[in-house]
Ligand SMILES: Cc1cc2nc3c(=O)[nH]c(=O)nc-3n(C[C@H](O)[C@H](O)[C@H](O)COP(=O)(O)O)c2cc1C
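Single chain ahead, written as structure tokens, the form predicted alone.
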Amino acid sequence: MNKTKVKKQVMDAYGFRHACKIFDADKKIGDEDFDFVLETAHLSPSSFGFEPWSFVVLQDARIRELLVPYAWGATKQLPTASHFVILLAKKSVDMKHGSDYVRYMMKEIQQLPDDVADEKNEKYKHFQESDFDIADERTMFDWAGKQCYIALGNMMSAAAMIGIDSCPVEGFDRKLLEKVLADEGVLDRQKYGVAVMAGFGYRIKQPREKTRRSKADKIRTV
């Protein structure tokens, strides 16, 4: 591996990436390229490996239009993005220790022996009840939502590596947005909530130069 070459490719991608507020609606991402982006979400790490997420690739223009009044941060991205992804976080019905979903993940997906699964579930219970004090529906959702941001970051970075623009979106009224998605059969509100959204496509104008605090102002080694 040529580390110098790889480092340059990565830093070039990070320099290229920006929060694209409006996309070129006439340019579409190829299926193979977007499958690559989705694969990075699929392979993303999560706490305990329990994957507390689901990814909805929303290509239906009619539903996108229905979301616009409740997504002030995506009024330009929803109509113009080649691909628009809604990252859903699982709720406590699935993510609480001992749930059917947690057992399914350990037994069927991770293929753990019964004794190892029992031990892992006890550690998970201690993590939720003591280490992170995940005591109610809201804290459980927020914790699961944080996992979604790992996948989101990987998707945006991977997209930038192959010249695809993106924009993360938190500007939305969650309750009203979720109602529309539920009414349209896209969301099961008993099990999922919207954590964050993102548009992907191609820019129509160059972004301004990046502004960041200095590394010395935010990084320290102790």
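Remember, predicted model here, so these are calculated numbers, not experimental data. The first residue of the shown sequence is 1; numbering continues from there.
If you look for the form predicted in complex with the named molecule, you will not find it shown, but the lines that follow are about it.
Asks: Indicate whether Ala13 is a 4.5 Å heavy atom neighbour of the named molecule in the predicted complex.
Replies: Ala13 lies outside the contact set for the named molecule.
Asks: Since only the chain is shown here, I'm wondering whether Tyr124 would be in contact with the named molecule in the predicted complex (any heavy atom pair within 4.5 Å).
Replies: Outside the cut-off, so no.
Asks: Considering non-hydrogen atoms and a 4.5 Å limit, does the named molecule approach Lys205 in the predicted complex?
Replies: Flag for Lys205 set to no.
Asks: Does Gly49 reach the named molecule in the predicted complex, with heavy atoms at most 4.5 Å apart?
Replies: Heavy-atom contact with the named molecule at 4.5 Å: absent for Gly49.
Asks: Name the stretch: of 183 to 191, 30 to 38, 57 to 65, 170 to 178, exactly one has residues whose heavy atoms fall within 4.5 Å of the named molecule in the predicted complex.
Replies: The contacting stretch is 170 to 178.
Asks: Does anything in 72 to 93 come within 4.5 Å of the named molecule in the predicted complex by heavy atoms, and if so which residues, in order?
Replies: Gly73, Gln77, in sequence order.
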